[in-house]
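One chain follows as structure tokens, the form predicted alone.
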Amino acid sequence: MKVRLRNPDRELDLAGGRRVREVLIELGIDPDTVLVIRDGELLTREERVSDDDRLEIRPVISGGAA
């Protein structure tokens, strides 16, 4: 599967056939710090991804008005 990481931008090829949580563990990414998107749809940590998927992993940014 193709995985596009944001901040810094890069693209990786990883094996599918597993849960999002397992992909994030392989990448050393804390699941609470990112959004995982497939075809414009947010995925949960428990959803399965396949070799044909294209994922985008974006950092969560929070802020607010003073």
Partner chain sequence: MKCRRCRRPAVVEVRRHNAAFCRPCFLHHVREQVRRAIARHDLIRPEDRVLVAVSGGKDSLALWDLLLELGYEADGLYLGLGIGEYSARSGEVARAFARSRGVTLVEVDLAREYGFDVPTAGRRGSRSTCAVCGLSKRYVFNRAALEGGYDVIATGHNLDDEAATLLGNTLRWQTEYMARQSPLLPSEPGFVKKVKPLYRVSELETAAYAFLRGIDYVVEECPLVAGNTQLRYKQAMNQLEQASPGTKAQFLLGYLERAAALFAAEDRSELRPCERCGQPTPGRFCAFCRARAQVLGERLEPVTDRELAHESSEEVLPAEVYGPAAVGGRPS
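Computed from a predicted structure; not experimentally measured. Residue numbers count along the first chain shown, from 1.
The form predicted together with the partner chain exists for this protein as well; it is not shown, and the discussion that follows is about that form.
Taking 4.5 angstroms as the cut-off for heavy atoms, does Leu42 touch the partner chain in the predicted complex? Yes, Leu42 sits close enough to the partner chain in the predicted complex that at least one of its heavy atoms falls within 4.5 Å.
Can you check whether Asp52 is within 4.5 Å of the partner chain in the predicted complex, heavy atom basis? No, no contact at 4.5 Å.
In the predicted complex, does Arg58 come within 4.5 Å of the partner chain, counting heavy atoms only? Yes, contact at 4.5 Å.
Should Leu27 be classed as touching the partner chain in the predicted complex when contacts are defined as heavy atoms within 4.5 Å? Leu27 lies outside the contact set for the partner chain.
Which residues, if any, of 1 to 36 lie within 4.5 Å of the partner chain in the predicted complex when only heavy atoms count? Read in sequence order, the residues that approach the partner chain (within 4.5 Å, in the predicted complex) are Arg6, Asn7, Asp30, Pro31, Asp32, Thr33, Val34, Leu35.
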